[in-house]
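Only one chain is included here, represented as C-alpha cells and corresponding to the form predicted on its own.
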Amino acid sequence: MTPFQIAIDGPVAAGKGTVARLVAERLGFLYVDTGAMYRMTAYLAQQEGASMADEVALADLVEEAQMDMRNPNDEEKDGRLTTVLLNGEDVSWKIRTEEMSRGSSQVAQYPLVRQVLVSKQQRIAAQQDVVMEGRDITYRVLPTAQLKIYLTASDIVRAKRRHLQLQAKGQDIGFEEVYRDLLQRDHQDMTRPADPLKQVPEAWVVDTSDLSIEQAVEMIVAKAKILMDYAQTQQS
C-alpha cells in the first residue's frame, strides 16, 4: 500500500514535536522532526567554522552530512522526542539551545539548503508511514499527504511553554526574552523568501491553546484512523 503521510505545520512552541511524536507512537509510524535537520545544519556550521551567511557552503555541508533519526530506545528516554544523529554523533540535546534555534531559522531562509534537506525528507517519507512536522511540510515537503494539519496556539501560551521547556533544561532565561525571541522567530518564519510558514486551505487547524497534549493527540489519531480505513477500502 501507499505509505500514509501525516503532515503537520505550525509556529514554534505550538506543541508540534510532542504531539507528532505521540501520534506516531500510537499509530506505529516513524516520527520525522524536520526542524531538527535545520538545527543540525546550524550546529554543523558552528562545528565546521562555516559562515552562516554562505548559502553555498552550508548547502554543500548538508549534502555531505549523514543525518539520521530514530525513535528513542530505552537508554535514550531522557525527555527527548527523538534521537538525532549527525555523522554518527548523538546531538539530540546539543541542538536544543536558543542559539541553535535562532541559527536554524537563519539557515532555513536559504533555498539551496532547503532543497537539499527537503530531498532527504521526501526520501524518508516515500519508504514508510510517517508523521512529519515542521514549517512547510503540508505544501512543500509532502504536498500529497493524506492528512494535513496546522497546529497552533496563542502567542502567550506558546511563550509560556517555551519558557518552561528552557527552565527544565536549566537555562536561566527570563520570560520577556523568550516571548520577544518567539515573536521574532514567528516573523522570520512567516516572511522568509524560501517556503514561509503558512496555512494551506486544506489543512485541518488544531488550536492547542486550551487543549491538553493528550486531547490533541486523541483528536489527530482518531481522524487519521478514519482516513486510513477509507484509503484501505479504496485500494482493496
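In this text, all values refer to a predicted model and were calculated from it rather than measured experimentally. The first residue of the sequence shown is number 1, and the count goes up from there.
Beyond what is shown, the protein has a form predicted in complex with ligand C5P; the following relates to that form.
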item: Candidate spot Gln146, Ile220 and Lys223, all three touching ligand C5P in the predicted bound form (heavy atom, 4.5 Å); value: no
item: Candidate stretches 172-180, 55-63, 41-49, 188-196 - the one whose heavy atoms come within 4.5 Å of ligand C5P in the predicted bound form; value: 188-196
item: Heavy atom of Arg158 within 4.5 Å of ligand C5P in the predicted bound form; value: no
item: Contact label in the predicted bound form: Asp136 to ligand C5P, heavy atom within 4.5 Å; value: yes
item: Any non-hydrogen atom of Thr83 within 4.5 angstroms of ligand C5P in the predicted bound form; value: no
item: is_contact(Ala108, ligand C5P) in the predicted bound form, heavy atom dist at most 4.5 Å; value: yes
item: Contacts with ligand C5P in the predicted bound form - residues in 91-119 whose heavy atoms fall within 4.5 Å; value: Arg96, Ser104, Ser105, Ala108, Arg114
